[in-house]
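What follows is a pair of forms of the same protein chain, given separately as structure tokens and numbered structure 1 and structure 2.
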Structure 1
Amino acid sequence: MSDRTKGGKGQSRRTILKGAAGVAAYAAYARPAFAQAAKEAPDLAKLAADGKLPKLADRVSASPLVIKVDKIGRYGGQIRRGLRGSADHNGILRMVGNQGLVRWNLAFTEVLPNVAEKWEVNADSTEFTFHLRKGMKWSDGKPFTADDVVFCVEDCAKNTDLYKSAPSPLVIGGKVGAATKVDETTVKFTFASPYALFLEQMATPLGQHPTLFPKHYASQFHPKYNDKVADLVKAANMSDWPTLFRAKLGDIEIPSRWSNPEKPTIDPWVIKEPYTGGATRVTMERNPYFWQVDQEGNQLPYVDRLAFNISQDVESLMLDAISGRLDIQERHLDTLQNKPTLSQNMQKGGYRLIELVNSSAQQMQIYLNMTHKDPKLREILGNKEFRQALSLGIDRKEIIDIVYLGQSEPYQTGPRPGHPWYHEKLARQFTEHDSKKAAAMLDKIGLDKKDAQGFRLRPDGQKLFFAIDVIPTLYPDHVDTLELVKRHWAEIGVDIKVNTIERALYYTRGDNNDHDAAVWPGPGGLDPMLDPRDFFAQHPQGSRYAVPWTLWYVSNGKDGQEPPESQKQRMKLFDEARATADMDKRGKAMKALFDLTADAFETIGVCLGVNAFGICKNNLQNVPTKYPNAWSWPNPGPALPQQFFFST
């Protein structure tokens, strides 16, 4: 039985990774024989036999999630990974912590059952009814029920002391959805307006709120359930209850989520040595109540422990990798310039390389600030023909050969080739190198006067010059690419400065609309619905060609500047697509949106985002050879590390 019929609305829409080798994971109904056939890790079996732990059948739900693994694994061992010293909590999240109501399939094309074993959606996508697994438990053995989900949404996400504004995956049309309990294992989400994208949002890391807080534990820190919470706050020397709540329970994306070993979770492994400010190592141990099994009824995870060593310096992570002390790692190592070193040392380190499919559209997108504070420059940067001329002026082949070792192709933006929504014009227009035509276009729009060095002058007589902000520590390849672009553009008489700055300054300049131009990898290659910021002014920290327009969009017209008509149409089309469950209709709306984006030609792309890579020890099994590299698909989590095992 496929998930789509079982899981209500099918969400299949893309086929990019269909060829990806690896493990197809699917869910099936539990067989009646499950309770007898079930097997568990030897150490847990011993605890259960000694009476220190309930029997397996009482720990795992009556209908556990059955993962069809490639090879049946053996229990034991420890997976070693590396973390950086600061703000690297998502390194843990990506490995263990994306246990939402639903999850992504390996190909990033379809939403599958997870904590919810099935669901129904009403006709206009405003009501979602999730059926949870009967008998599922938190890691401390307490039942996981609809009450927990309702608590997470109604008492936490909607509590204005805890969240000044509710987490955005729960918000549509400016209103937060409501979660209501139907019975012990059934919970219903209701939205004020259609929200077809809800299921996909729930599969991403930011959609984990409904399963994040165990009510029986968390309610002691919540004033609604504990009127003596002030005493706890005082005893812990904190300023108020939300601070205490966060210190104890964390949130999706803050380090303190991994700093409290007492907090019950539904993750495959639970924290043993916490991630705190002074920590040099984080370890996790298997969750004896984990609710997933393989097709033979063996409780997952196969691997006993996770160990994350904390390195302050990425170079020492590289040393760990080549000397074979990391079992699976892509984070921090996956830059192009590390690849030769890691390839050379494969034999010595006993690992293999795995391919990570880039989910971005663009390796380096150039955003000219079309809402520049200087009206003269704004007029020029906002001129479509100017941007088209600049695009023609770039020699993409040279950049790909020199900077990206030939591993890419000229590209503007839009869904990647092979994606059902791939848009030829959006992706390929103005990618040929034609400096003569470019110069003629620039002459035509009134930039025909030149100074002594051959650089063009603006209509007001000043030299045409602007700076492009780039963060060298983050994307060293962008600096190299920009140096080449600077040379190409000098040939058509346009002078730029490659403005290498520190990342906080990059953000501050963007937030204040102080930048002339900026570069960033252009997202939306595999997940155009989840990250459309290059297709219209959508993200205040991301759509850098027109930050004031994004403010207008996200504030419903209260802040920022009113965008032009084409933008407004696209904003409407996107809202429409987001509310449409029917994939054909949604695709049509997005096609119309892409047409407008292609016509407006707001961003200048260089080449298609290059695939990254990771390393994986030779004896670590059930690891797909290829999987997406994305935040919405927080690799390697959706590849299900709980089914990885060591063959020897």
Structure 2
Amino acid sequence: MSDRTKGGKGQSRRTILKGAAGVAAYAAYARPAFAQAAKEAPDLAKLAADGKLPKLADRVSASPLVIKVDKIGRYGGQIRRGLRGSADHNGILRMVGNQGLVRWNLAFTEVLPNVAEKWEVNADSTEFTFHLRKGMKWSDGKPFTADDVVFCVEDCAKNTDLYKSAPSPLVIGGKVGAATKVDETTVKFTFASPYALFLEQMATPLGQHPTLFPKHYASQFHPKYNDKVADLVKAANMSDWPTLFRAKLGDIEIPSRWSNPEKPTIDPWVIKEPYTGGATRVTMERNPYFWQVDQEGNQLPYVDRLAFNISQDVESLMLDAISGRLDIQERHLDTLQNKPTLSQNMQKGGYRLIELVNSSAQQMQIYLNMTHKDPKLREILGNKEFRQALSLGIDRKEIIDIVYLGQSEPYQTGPRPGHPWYHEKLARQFTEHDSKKAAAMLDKIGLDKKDAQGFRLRPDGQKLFFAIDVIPTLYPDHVDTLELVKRHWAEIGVDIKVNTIERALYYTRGDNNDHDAAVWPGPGGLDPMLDPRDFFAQHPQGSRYAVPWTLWYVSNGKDGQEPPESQKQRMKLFDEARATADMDKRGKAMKALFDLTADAFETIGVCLGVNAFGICKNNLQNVPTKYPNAWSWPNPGPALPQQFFFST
């Protein structure tokens, strides 16, 4: 075996984020002395002195993760952030839930130790042996061991009652890996085929399953460990044990992850006031058993509490920001339209701006449902020339000038300019505005008949019309963009509805394949291997142009719909790419994949994703001046909010 503590690297990510890496914290290997010399928050010290809490040395791991902070902080205070409505749970995840086996560095270029203090990978990348921190504990004081990791994977993630298909980060070549206990603090993952991308996958939010469920608590809701779980289901008025399990334990991306204050976690703060349907705010308090310290042995986090007020609109969040009632916030405020107002009120609000480096390819990707339940509409949306004509019908310059204040350029999808895998055809084809050519293409494919209003008719005589789902609370710029697209497409005889809906309904319609079309920021600009959903049907909730094809892929052909040959070739190429640690071979496989994606032209992009921004109170310290803006790097989590502190 070779000792490999660094994951695969992206040259362009290092280039684009150059300068960010040295700003904030980095991890060093822990030393047992810290556990003996460690210091703690005054309120915890008092509890320990009163015998109400074990001494710090008995709470912190014998080998805690040492975070080298820029400035040694002071304890106390409350960080205030904002959420939108009852389905903004990932706003909490991004701030708190970043505690996987490994994590990203600040520059988004390297995988670092986290819950696992070190690991070994065998020569063909089929075995990964993780060494957990000795003495590490859950937030209720119970030991965190290899048994927890094995439980999370073998009893939960691989349980078909809980998961129809095993989470994709645990699957390679259609086969899910196995987690086995070596000893109390050592666990081995074994895969049937090489999986060189496994460490990087474990650093993303979707790689958190191995550390998500505390066995000592969760097993009471699992029939394998409790033969009377039916009584609990009945008492809770639930339909079955998986429903009860989810209500008590949640999952990576569902609101109930943050709704049960009794659930032990390994996060820096734990739920005090839960995130439920009627909640107006969520609060969290420091985890007395948190397993990270600064370089002088001070237990993290520095800040006592988090408070998330739940707003129903962006205007309320803007008022809170301008009035100085938010301490750090980028989510929901980071549209370019808000930047002038927030810039003008920096002194009044007592905050500064931080830069968020865009990792996406696309500001807004349009996904026409090529697996639509209506066979007539499916035939039209699945016609490549139809999609190409719609792309030519978009006046991207107008959108960029009006919605994005001139700060972007026409783009389809693919790695961003400057990335070593940048693909010209994939990025630029059909981005010119040519309504005459678009109309001629639509005529040619049999959509040449029109109604009295000038809108085209389908071959069956019905008006050609479809709705595009968009979430206004999450991406208000998408609504503005779609309103312009609606006008552009009306000029070539295609009518659409800008279907503004709440986020939960957006997901439900997509999951059920009930949507005509949908929009979302197109990922894969800096992290094409980690989020390739726009390059082939890979993401069960994100590849919205063909969710049933995704289900076929992730279930190894057992569920969903068999995709066309081009898709199957790309699925095979991606599996080859993520199985090899040889970057040349990986690059060649992805180049072939991008060629096929460009030829298929399945999604329609508008313009290259632009950098965003956030606000940060002037007295909140150890916050990087810029960091990535990505789902795979769930900002601000990898910037380590547990090291933030108030200087006054």
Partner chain sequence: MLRFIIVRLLWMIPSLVVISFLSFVLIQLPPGDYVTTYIATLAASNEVVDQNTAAELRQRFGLDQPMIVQYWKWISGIVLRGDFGLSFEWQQPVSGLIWERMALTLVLTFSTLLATWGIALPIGVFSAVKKYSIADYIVTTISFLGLAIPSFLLALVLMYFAAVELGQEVGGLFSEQYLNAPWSLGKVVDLLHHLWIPVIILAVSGTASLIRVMRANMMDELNKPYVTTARAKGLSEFHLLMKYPVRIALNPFISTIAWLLPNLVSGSIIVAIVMSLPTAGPLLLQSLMAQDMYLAGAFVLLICALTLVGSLISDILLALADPRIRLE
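For the two forms, the rigid core is made up of the largest set of C-alpha atoms that agree within 1.5 Å on superposition. By convention here, residues take numbers in order along the sequence of structure 1, the first being 1. Being a predicted model, the structure only gives us computed values, none of them experimental.
Structures 1 and 2, same chain in two forms; the form predicted in complex with its partner chain is found in structure 1. The chain behaves as two rigid parts between structure 1 and structure 2, and the smaller of them turns through 23 degrees against the larger. Relative to the superposed core, Asp477 has its Cα moved 4.9 Å between structure 1 and structure 2.
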